[in-house]
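As a starting point, one isolated chain is supplied in structure tokens, in the form predicted on its own.
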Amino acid sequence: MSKELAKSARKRFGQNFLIDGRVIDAILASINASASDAVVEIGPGHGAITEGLYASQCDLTLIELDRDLVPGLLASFVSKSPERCRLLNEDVLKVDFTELGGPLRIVGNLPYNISTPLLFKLLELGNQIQDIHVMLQKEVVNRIAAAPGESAYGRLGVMIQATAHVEPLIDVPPESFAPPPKVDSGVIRIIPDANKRALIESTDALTQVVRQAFSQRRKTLRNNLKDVVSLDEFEALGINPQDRPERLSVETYVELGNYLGRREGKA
């Protein structure tokens, strides 16, 4: 069976189908879906996770780009319970999640090339998203969850942690997939936090300052932000301009973004 799945995987979609029953059970236990939940599964593939979600009696929306997988998903799930299970054969980056109701619980095994833009898109929806459980490359999981001072800490972690709580859940080796990828994977839980979002006065200013701060990791904040923050402003904000960008906490980046937003009239 795993050989057949490996043959059906399409490289252009970044497909690696999950076949490890223990990992599947662990993911489903972490999600713990119930009949009162509205779940969106991204990239259900051959339905390894879908089967457990469907059994929970939740309201289920499947988003699958590969049209060759659609007939199997329709036959196994949608046609059996069309009142609570539907399928969108679309590019998830083009899906209007505001039309799917909410609050939504997001589940998916995300290809590397869409993971970052998709997570940012989902977090922009705020209260419409209850939580996110996604499989990513282990490197990406580490970057999202990294703490200040760690080598993996950077723009991705700051921007996601600024609006959500993150928790790495499960390490997944290559042999858990067909075909096996060349890298380790991991499942992470992301829970949007309205209180964190409320502290951000200008998302544009925060995005700009974080991007510029990490533009050259080996250089100091003074060098990377010299065009936007003066030495006097660093001092007034209580930030050491000689620190490297990975030394600043998420909260400090939010404060810095708020200050710059107010200064530029963006907040």
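A residue's number is simply how far along the shown sequence it sits, counting from 1. The model shown is predicted, which means the values in this text are computed figures rather than measured ones.
What comes next is about the form predicted together with a small molecule, which does not appear here.
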In this chain shown alone, the residue from Leu104, Leu110, Cys85, Ala164 with a heavy atom within 4.5 Å of the small molecule in the predicted complex is Leu110
Answer key, the small molecule contact in the predicted complex at 4.5 Å (heavy atoms) among Ala205, Ala213, Ile49, Leu60: the residue is Ile49
Any chance all of Phe17, Gly45 and Leu65 sit within 4.5 Å of the small molecule in the predicted complex, going by non-hydrogen atoms?
yes
Counting only non-hydrogen atoms and a 4.5 angstroms cut-off, does Ile114 reach the small molecule in the predicted complex?
yes
Close approach of Ile31 to the small molecule in the predicted complex, 4.5 Å, heavy atom:
no
So, Leu53 and the small molecule: in the predicted complex, are they within 4.5 Å at any heavy atom pair?
no
Could you confirm whether Leu69 comes within 4.5 Å of the small molecule in the predicted complex, counting heavy atoms only?
yes
To test your reading of this chain, name the stretch in 195-203, 237-245, 37-45, 218-226 whose heavy atoms come within 4.5 Å of the small molecule in the predicted complex.
37-45
